[in-house]
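In structure tokens, one chain follows: the form predicted alone.
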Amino acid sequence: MVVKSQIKFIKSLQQKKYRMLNSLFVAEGVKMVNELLQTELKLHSLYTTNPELLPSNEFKYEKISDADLKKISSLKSPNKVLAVFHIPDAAPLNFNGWLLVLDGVKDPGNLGTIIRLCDWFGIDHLVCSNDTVDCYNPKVLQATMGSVARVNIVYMNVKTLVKNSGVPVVGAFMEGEPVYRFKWPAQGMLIMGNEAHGISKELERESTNKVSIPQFGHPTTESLNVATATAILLNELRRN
């Protein structure tokens, strides 16, 4: 049985300030939890309504009822397993390759998808501005499908980073050079901007190149979703 203090503590981790205070985050669902259990993430606690759903019996767990799982879950329909993991320390950035930089991305679904894209395209380092949504937000985690453990995610002052990086800085802009003609350097940073406002003026001034995705359809179509644009640009980066 999950006691009141456990319920209160686990529910508190749905808020960023308590995740940061305790350096812990919650993952839910059989697929996600089992995938994270196979990574180097350090397990804090594990709860399940059915131990047979766990990948092995090497993990210490607490068997709970469906009713208790519902009390600690943030999901409308809890999925059998919930785990609390320690937030890992960020690794030093490595500039011998490509880094992806996010400038004020706010939507959890967008960030989660972008983390998966980094995992897919082999982008080891994802640098987020301090006003980008928290990568351990439950909605972000659901969208990452476990990729959050395989990408080094660093929150910092990206303006300072870009200014002092010493590597090519490619910004995604509506008026940039069409990506299908763009010659990608061997290494550098690709910057993606906020959903509504794009890349800030400060980072625009620091961009050594501007790249765009040409529009072939109706001119009144809304600009591309930032996660979709990231997928196209990372694909072209790797193809070249």
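Don't overthink the numbering: it's just position in the shown sequence, from 1. On a predicted model such as this, the values are computed, not experimentally measured, just so you know.
Omitted from view is the form predicted in complex with another copy of the chain, to which the following refers.
- This chain lacks the partner; the member of D68, E35, E177, E204 within 4.5 angstroms of another copy of the chain in the model of the complex by a non-hydrogen atom is E35.
- Residues within 4.5 angstroms of another copy of the chain in the model of the complex, judged by any non-hydrogen atom, belong to 211-219 and to none of the other stretches in 45-53, 60-68, 211-219, 196-204.
- Heavy atoms of F95 never reach within 4.5 Å of another copy of the chain in the model of the complex, leaving it off the interface.
- The shortest heavy atom separation between F121 and another copy of the chain in the model of the complex is within 4.5 Å.
- In the model of the complex, I87 stays away from another copy of the chain, with no heavy atom inside 4.5 Å.
- Of the heavy atoms in T132, none are within 4.5 Å of another copy of the chain in the model of the complex.
- Taking another copy of the chain as it sits in the model of the complex, the stretch 80-108 never comes within 4.5 angstroms of it through any non-hydrogen atom.
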